[in-house]
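Below you'll find only one chain, the form predicted on its own, shown as structure tokens.
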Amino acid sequence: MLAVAVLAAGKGTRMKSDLPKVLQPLAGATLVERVLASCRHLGPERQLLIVGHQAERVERSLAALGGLEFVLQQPQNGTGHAVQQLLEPLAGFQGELLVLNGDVPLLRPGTLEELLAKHRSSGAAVTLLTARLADPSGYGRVFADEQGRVSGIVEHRDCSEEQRRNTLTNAGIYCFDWARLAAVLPQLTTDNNQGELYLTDTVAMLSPAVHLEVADPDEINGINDRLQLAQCEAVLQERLRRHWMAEGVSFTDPASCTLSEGTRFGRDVLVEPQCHFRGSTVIGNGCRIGPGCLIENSSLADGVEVLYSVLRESSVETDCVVGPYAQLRNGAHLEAGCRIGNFVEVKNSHLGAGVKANHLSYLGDADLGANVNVGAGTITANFDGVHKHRTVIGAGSKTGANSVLVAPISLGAGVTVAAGSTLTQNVPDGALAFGRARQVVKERRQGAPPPN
């Protein structure tokens, strides 16, 4: 049996944030969500999250995941003290305990699988993950023989100058035989530089202890401040871009683009510079995105082009063109072949196949039939100050420039709206609708200065 414990009680003071450190976002997910995801494929029977600072907020943020047991550490007196809090909830548990840190979000699932496999095959009481770092400052040093048997770990602050020359560092990731760990946890003391209970001290109490050296040191990067958060973001973004380029996506300038792990691309997609994908976004085959786009929680079918535009919570069907400088907001749905041009905003509206809105328009809470042509400056006035109302425009209708359609209103199929009209009443199929003041031209008044 396998239990996983994630240490997530710290304040994260150096982040200088009101948000708990483990809830800081990284490529669309919180740090602790990423840690939990890294071990999900192992199928643990128990998942325990050790919380402390803003414990209720952390619990609320993870409530939707389900299957988590929250264990309170109060006060926070070191990693050893944190794991001591498991003695009661894991009383009688027989199996392995995998200990992870809530601020180490780049671990690959395969690495944890390898760690667990080595632990089981070696019969060790504890197996820890290690890495060799060019600059190991701040990391505990692991002392091991050529066979990988660990004699102990010394925290950086407690190391002598000679010990600090050792570049084999402790990643803070452990797989324990729980029964043997539980027997030594009460023996921990605070006899160290920080006056805390160190989980690392248990390694010297357990035999045999072995280590697994990770191939990619970036995997064990911890996050204590904004700089380290940005560094981890860069590593994760590079992983994501490399993955999708291997799957048939072209990035003109990869380093200028960012992705979420929820982004999915088809083949032969071209992503131009300065494009950003957030949340659960799907980009179909043969799409061209950018330059300069933000697409969040949206779905684009095959052959869509988007240029210098923002799309959020929207759905775009095949062969549509969006932009430049357009915005699709929540609930926008474009059927095949639509054209949405510069400075057009669409919100909570369904546009039928072939709709064209090329200039300077707002379509909110509207339903447009196929092949409607929206003239420049057309506005659906959907809000009466209290409630939102819908506008319906039938297939093949045309609105002239600077038209205002005051909702609730319905225009039939094949309607033509004269330029400059403000309409407040329904219009039947095939009609021509005017709603503007009559033009008046007065001759030059007596005494008025002559024209230049």
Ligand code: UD1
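Note that residue numbering follows the sequence shown and begins at 1. Computed from a predicted structure; not experimentally measured.
FYI, the form predicted in complex with the named molecule isn't displayed, but the following is about it.
When contacts are defined as a non-hydrogen atom within 4.5 Å, none of 123, 178 and 203 contacts the named molecule in the predicted complex. Contact check for residue 103: a non-hydrogen atom falls within 4.5 Å of the named molecule in the predicted complex. Although the partner is absent here, residue 5 is not a contact residue: none of its heavy atoms lies within 4.5 angstroms of the named molecule in the predicted complex. Taking the partner from elsewhere, residue 77 is found to have a heavy atom lying within 4.5 Å of the named molecule in the predicted complex. Proximity of residue 198 to the named molecule in the predicted complex falls within the 4.5 Å heavy atom cutoff. Remark: of stretches 328 to 336, 207 to 215, 166 to 174, 278 to 286, the one touching the named molecule in the predicted complex is 166 to 174 (heavy atom within 4.5 Å).
Shown without its partner, this chain lists 224, 358, 274, 299 as candidates; in the predicted complex, only 224 has a non-hydrogen atom within 4.5 angstroms of the named molecule. Among 82, 98, 269, 229, the residue placing a heavy atom within 4.5 Å of the named molecule in the predicted complex is 82. Shown without its partner, the chain has 7, 8, 9, 10, 14, 21, 22 in segment 7 to 27 as residues with a non-hydrogen atom within 4.5 angstroms of the named molecule in the predicted complex.
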